[in-house]
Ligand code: C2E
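Take a look at this single chain, the form predicted on its own, given in structure tokens.
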């Protein structure tokens, strides 16, 4: 403070007091004080509103008014600068009343001197600055500078109150970044922080001055659209946000792409209070994310029901393993030369207590999103290996067991150790175990996962590439993949017919895989004609309902005894 000019406003109707105060401030060394003087209550209100001073000195006596009245009035209209009350004589009741009203300090004119005045001004400014910093920290996100959750809730409630009085709308946009966790985990937290800052800058440029952009935490943002007259303007801003987030962010010299999933809800159409409005916008955001992201969706009752169902399912999944509700089904894989069973694929099924089986496409994505796939994946592997050991002891020592693994599971640093441990515990041959990975896992995360896959292969486990043909890899890139088997996706097999594009794709996959010394398994074989085509062009193995649907372990044991 010693190097800066301190602007002081004295509100006092006695010119002698002004002269005394001026002289006292002139006597203070090391600080440059600029004193302004106003003598009336009304002038003081206008001057404080301009917010041009660092500290205010209010005399207790102001003609028909008092300094206390002025103090209360300026605080009521939002004054945040420190106010020191000057009294003609020491009066403890007046002093206490001043402090309760919000005064930073009180001074008796009869005891006033330069050091006392300097100390009071300095302490009042320092305390005010500290309080403002604490208030800022309590209301603003330290990373992005946006309002935080606390301030957001205050502003949303205020917007709803205003809308109720003015008969207008409040739009609430709930926004989540697509693939943020992958970016954060892959490039590090510093890159993640830079991305969040970049997103907050772009969001702030998409809204009106009267709107609020806030960060709820993590990669979740909200936008309050106040005083709307229709819903169209909300969709315009939402699309503007989606378009603004789509272009690349330059982080530490590299390009990073993300996208926004946005949900929109309106007061009073969708909800009549702040908490319900947040839930509605959040539900709409989940709908946008479920539809592929990079878009916005409006809240509806159907969206709410879907999200509630998903939340209930997620809660149930957390208890499913301990309640022993998961089971494994097995689908046989046949040699297409002699139609003997050479392997089985383990497929996870969920049978909640008292309910029918839940389709895998409804719960498997949730397992991956929540990370539960890691613990359940180990259970799947151990259960499958125990079953493989039992079939080996029952006369099928060369049967191969295929188990699906996701990208999330490959991120586990101890995955290879876990697989080796399960193989040792269940006493199965490592060469009889096959891990199935999707094409997307290898293509988009090849460098990240290649070392882990090589470690798994070193154990003796084989690797197959599942759903081949549905991803974006070129056929020539197969030579870089550390894999042993290709599985032709069932969409191509299902459309096999003479002269079709899918039949040409199937032939090309078979030919290329064999040239790279890989085996080929066709998924989704449904008819005798498909089987004949695959046999004609040398496909090694097939699986599908033509041979057998996926069945439980008991039925699979019976099929093995009957067919082999």
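Numbering follows the first chain given and starts at 1. What you see is a predicted model; the values in this text were computed from it and never measured.
Absent from the display: the form predicted in complex with the named molecule. The rest refers to it.
| message | I'd like to know whether residue 542 contacts the named molecule in the predicted complex, with contact meaning heavy atoms within 4.5 angstroms. | response | Outside the cut-off, so no.
| field | Residue contact check: residue 496 to the named molecule in the predicted complex, 4.5 Å heavy atom | value | Close contact is absent here: in the predicted complex, residue 496 is far from the named molecule, nothing within 4.5 Å, heavy atoms only.
| Non-hydrogen atom contact residue 526 with the named molecule in the predicted complex at 4.5 angstroms | Flag for residue 526 set to yes.
| Should residue 409 be counted as a contact of the named molecule in the predicted complex, where contact means heavy atoms within 4.5 Å? | Residue 409: yes, in contact with the named molecule in the predicted complex.
| request: Sort through 405, 299, 334, 106 and report the residue having a heavy atom within 4.5 Å of the named molecule in the predicted complex. | output: Residue within 4.5 Å of the partner: 405.
| task | Could you spot which one of 467, 118, 95, 219 gets a heavy atom to within 4.5 Å of the named molecule in the predicted complex? | result | Filtering the options by heavy-atom distance leaves 467.
| said: Within 4.5 angstroms, counting heavy atoms, which one of the listed stretches 169-177, 347-355, 78-86, 207-215 is next to the named molecule in the predicted complex? | reply: Every other range fails; the passing one is 347-355.
| query | Of 256-281, which residues get within 4.5 Å of the named molecule in the predicted complex if you count heavy atoms? | reply | Nothing in the stretch sits within 4.5 Å of the partner.
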